[in-house]
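Given next, in structure tokens, is a single chain: the form predicted alone.
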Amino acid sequence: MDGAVGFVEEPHVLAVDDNLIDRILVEKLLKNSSCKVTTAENGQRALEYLGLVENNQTSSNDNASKVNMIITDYCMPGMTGYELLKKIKESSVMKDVPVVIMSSENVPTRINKCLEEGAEMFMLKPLKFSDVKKLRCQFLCSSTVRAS
């Protein structure tokens, strides 16, 4: 009875961005769209939250099972959004969680590379409320949608 029924509670989104202002903007947009949001300032922190750090065995896998979607900036110091995407898709626990990459740069080769590696969508920053509504509906809605 886990995921078959759809979301009774707010869907949980992990938002990853090294830029504080962008992180706050994404968090506000997601919360205004009735999502629960956890933020991380870089890819390493996101992996720690998800319990995907090899040399640091934490009990954070509880967090991983509660995340319904990950949205990450592409260009971050230390670990890019693309590298984070690859690590998530390599994880047996997280590989089916939708990952959305966002960037302020519209570079077709970068976009294609992310989509080929398993990103669900590539969005240009700054994100708007209409973008988040589309995301929520496309990736976070129940699979049994009522006819309206």
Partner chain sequence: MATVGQLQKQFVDFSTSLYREGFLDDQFIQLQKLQDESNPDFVFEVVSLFFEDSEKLLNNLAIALQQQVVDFKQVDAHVHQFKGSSSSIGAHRVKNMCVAFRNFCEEKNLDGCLRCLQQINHEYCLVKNKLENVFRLERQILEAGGTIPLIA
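Positions refer to the first chain, counted from 1. What you see is a predicted model, and the numbers here were worked out from it, not measured in a lab.
In what follows, reference is made to the form predicted in complex with the partner chain, a form of this protein that is not presented.
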*asked:* Test of understanding: in the predicted bound form, would E105 fall inside 4.5 Å of the partner chain by heavy atoms?
replied: yes
| Is there a non-hydrogen atom of C137 within 4.5 angstroms of a non-hydrogen atom of the partner chain in the predicted bound form? | no
May I ask you to check whether D22 falls inside a 4.5 Å heavy atom distance of the partner chain in the predicted bound form? yes
With the cut-off set at 4.5 Å between non-hydrogen atoms, does L29 touch the partner chain in the predicted bound form? yes
Of the candidate stretches 87-95, 119-127, 44-52, 63-71, the one with residues having heavy atoms within 4.5 Å of the partner chain in the predicted bound form is 119-127
